[in-house]
Every structure is written in C-alpha cells, then in structure tokens.
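Presented as structure tokens, the chain that follows is alone, the form predicted alone.
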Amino acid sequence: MTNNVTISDFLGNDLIGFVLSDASVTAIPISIFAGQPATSIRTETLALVHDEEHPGTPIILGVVRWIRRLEPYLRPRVKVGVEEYPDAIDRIEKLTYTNVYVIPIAEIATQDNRIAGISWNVTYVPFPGSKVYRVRRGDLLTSLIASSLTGMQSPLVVGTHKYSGDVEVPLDSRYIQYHIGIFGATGMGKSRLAKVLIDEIVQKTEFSVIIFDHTGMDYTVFYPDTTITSLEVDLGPSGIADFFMETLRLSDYYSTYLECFSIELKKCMEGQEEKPEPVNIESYRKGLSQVHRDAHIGQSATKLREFIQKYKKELKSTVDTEGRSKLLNDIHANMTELLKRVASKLGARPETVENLAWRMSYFIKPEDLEIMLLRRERPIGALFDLARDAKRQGKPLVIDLSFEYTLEMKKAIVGDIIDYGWKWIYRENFLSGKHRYVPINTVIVIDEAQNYAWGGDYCEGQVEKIAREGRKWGYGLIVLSQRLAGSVDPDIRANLNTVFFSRLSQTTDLKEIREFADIAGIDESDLAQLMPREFYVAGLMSPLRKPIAIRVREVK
C-alpha cells in the first residue's frame, strides 16, 4: 500500500454516525444517523472511525456489532399506557434512534493527510463526536491489509468480507503449519471452504496436501486425477487386527491373539518365507510341546502363503470364478487354522480357541477376505511422493476411505500414514548424516474428524502428535467436524491456531471455541445470522487477529 492515498479518498462519503461517550480500545459506542444509514446497517458491517478534530490521529477500522433500536418513551419493562389502545401507537410521535458498538480491529496510521500504514495493535481511543464511515473503498482496504503481510509468499484468499464483497480477507500462509480447525453444522459448507483453502495452499505455497475423504463424496469429485482408494494403500497388521476384531465381534480380551495373528497373516500376504529359528536352551526350558507348536504355526503359515500366492496368480491369469472360489475356501480354512495355532501358542484355553474358530466360520465368509487379498498394497512412503507430484499440478492427493470395511481399518490407515511422515522427518534430519533442517512441508486434512481425533487410540494419538509437534517440521493439520466437545480431543483443538467456525450443531460448542481462540464479541445470535458459505475466521492466519465474518467464494 503506497502512501499516495488521501484520507478523504480512503474514507469515501458514506457517513453513517458518530462516536458517543464511553469509548475504549475494545468497544466504541456509536449513534447511527436516521434514515438510510439506520435501515441499512447490519452486524459485521466494516466501519472507519475518524477523529477529525485531532489531526494525525489514526483511523480505527472496526466491525459493527450489538445493534440496538431505542426510543425514549417506548421503553421495555415500563408501562406506557398504549397497551389498551392499539390504534394510538400510530399517533404517537416516536423519537427512534439506533446505537451500535464498533469493535476495533486495526489502527490505520495517517501522515500529512495521507494513509501511511496499518497496525493490528489498537491503542488509540477516539473522542466523542468522531465521525464514522461505512467502508466503501474495499479495494484500498484490501491493498492496505495485504501490505501488512510482509515476509511471506502470496497471501491466501478464500473469500471476501460478508457485507463488503470487494474487501478480500488475505490469510497469512506463514501459519499453515500452526494447524487449522473448521467447524460448523451440516450444510454450512465446511468441505467447500476446505476445498478453496486447499487449492490456495497447493497453488501458492511450498506445501503439498493429503486429504482423507471419509465418505468418498466430498473431495474425490473435485480431484479425480489425483485420487486413489485406500485399497491401494498398504494395510498394516494393526488394520488387519481391527478388521477381525470388528467382524468377529470380539472384546478387547482377544486383542493380543488378533494382533499376533495379524502379524503372521501380513507375512503370508507379502509372501515372506518363514526362517526357522534355531532351537536354543530357552526353547528346551519351555518344553518340546512349545517347539512343536512353533513348528505347527510355521506349517500352517506356509500353506496359507502358498494358497494366497496361487490365488493372486489365478486372479491375473484366468476368469475361472469357480477355481478362485475354491481357493478362497482353502484360504479361509488355513487362515482359521493359523488363528487357532497362534492363539494356542499364546496360552489360550481350548474353549477360547474353539470360540475363535466358530466365529471365523460364522461371521466371515470366504469372499469377505477379498477386501484384504485384493489390496494393491502401495507402500505408504509412495503416498508422500504422490502428494508432491499432485502439488506440481496444483492439486492435493485424495485418499478415498469409503471402500474400507470398518471404521477401524480407516483409522489404522490414517494413523499409519501420519506415522510414516514422522519417520520421514526423523530419517531426513537425524539419520542422513547431513546435519540439516529438512521440513516435510505437508498438510494432512481430516474430514469427519470426530472419527479420527477422539478416543485416545492409536489414530488419535498420531493426530495429536502433529497438533503438538508438527509446526516445527512443516507438518500441518486441518481438521473438520460438526462438533468440538466429544469430537476433537482437547489437546488437539488447543493447538489449532486458526479457526473457521459457522453456525454450530450445539450452542455449547461456542464456549469450547472460546477456550482456545480469541472470539471476543461473538455470541450465538451472531452465528444464527450466518448462511451457508459464511464463516468467522480467527487466529494466526487472519491478519486482523480478531474474528471477522467472510463469505467463502463459490465452488462449482
């Protein structure tokens, strides 16, 4: 913003009111002129307060809130004598007036009758009688705000001010890795806001983006060329264990059996050969029966591995559905046998072993196993390379989770991918021997975050680790949810340093936002006025540092 803009050009000619007594740096009471100013004023209107009687003082930029219609005679809680005579209300001479508060958000410095700059630290209190203007030169204000974002790349723009369509609200890209939360009721446009924000990130910054699309309907339609299904992602043993735990309807009592079984099954699916371990003195102490059980597990795993590899070959070379069906039956039988022998080795009672076998036969049909056998098993590390390739096209990488059989499998994939990011950071910064700082510069986007950022399990722990430690390494997080309490862990939301919020599913969630973001002056009545695609933005990415209402640009 150059300093060749005069104060009069900046203020325009839309005078709407004047300052009353009792102004402060947090709220300025204003009386609005009657007529068009009073009828057109709205909550969140941008206003400029100019103290003309004291030249050289800054112009205050603020937003209008707490509009009150007043009349000296028709006061609330006072009987005025017209209640019994309805027709008399038309004959009363009403002296109506409108008072509002302007919440200061910035000081605009002036020098020699010109605009000199902007500061987000408001310290000047205007005198009573100072004039108040509605912002009409949005282009000048946008330029002025953008000029304050020094030391960064292009600012991110997701929309304009709610009532001033020509005032863009640029977001500071330096705080992407400080994490972002997007909250609002169903239908308010959370995913559309995220889409616009993601496009700005991949096109204007050095960050690549990985989106986890929980339903497969919110982001895949926008980025079909850079979307892969989760069936192309390597499913680790924890995901396999969760599949069986959920499908077999087992309690946590069985978790150890299923986890160890899944490790063995993973080896079989990958075609890993079992390496016989030498029998040492410890094996003799356990007794020959233990050694025999180990041998039985190895034999069962070998058979299962052979059947799985044969099935994969049959799948590529023939359309013989009957032959593949027989192989699936053999795989199912050998998988059941492997589960029984692993449980026996871990000391399960005979009735427990039989219970597992019975549940395998009843709850899991042979064809159900294809959800694991047909996975492409792309290495997780390749996903970060794919995200970087997608960024070169100006797009994110979308992982469609809708094909997964259970929520637990989805959570396992999300947790494993986040965990790989930390392994990459550790390898590049501490194991490379180059003693350099290498940020990962990746943003993880988690929609329907209540499924992944709550519960104290493995996946939630990985999300929390990004929230607590990711900003140092350029490992950013964007979470979207309808709710906060009971949906996003307190330790995660406490580290969300930029928040977009719209009309909320529960009014109590506004209190939750107040716990970790400065949203002074916003209450439930303000949220009730928001329409779809309208959000308040507050936090580090907002240059205003105070909550301000924006209308997100339309996504087609």
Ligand SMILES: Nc1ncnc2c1ncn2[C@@H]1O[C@H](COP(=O)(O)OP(=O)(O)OP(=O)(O)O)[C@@H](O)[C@H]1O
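Counting begins at 1, following the sequence as shown. None of these values were measured; they are calculated from a predicted model.
Keep in mind the form predicted together with this ligand is missing from the figure; the text below concerns it.
Participant: In the model of the complex, which of 457 to 465, 139 to 147, 180 to 188, 421 to 429 comes within 4.5 Å of this ligand (heavy atoms)?
Facilitator: In short, 180 to 188.
Participant: With the partner left out here, if you bring back this ligand in the model of the complex, are 192, 448 and 554 all within 4.5 Å of it by some heavy atom?
Facilitator: The answer is yes; 192, 448 and 554 each reach this ligand.
Participant: Taking 4.5 Å between heavy atoms as the contact cutoff, choose which of 234, 199, 218, 416 touches this ligand in the model of the complex.
Facilitator: In short, 218.
Participant: Heavy atom within 4.5 Å of this ligand in the model of the complex: which of 205, 482, 344, 229?
Facilitator: None of the others qualify; the residue that does is 482.
Participant: How about residue 533 - does it come within 4.5 Å of this ligand in the model of the complex, if we only consider non-hydrogen atoms?
Facilitator: Judged by the heavy-atom cut-off of 4.5 Å, residue 533 is in contact with this ligand in the model of the complex.
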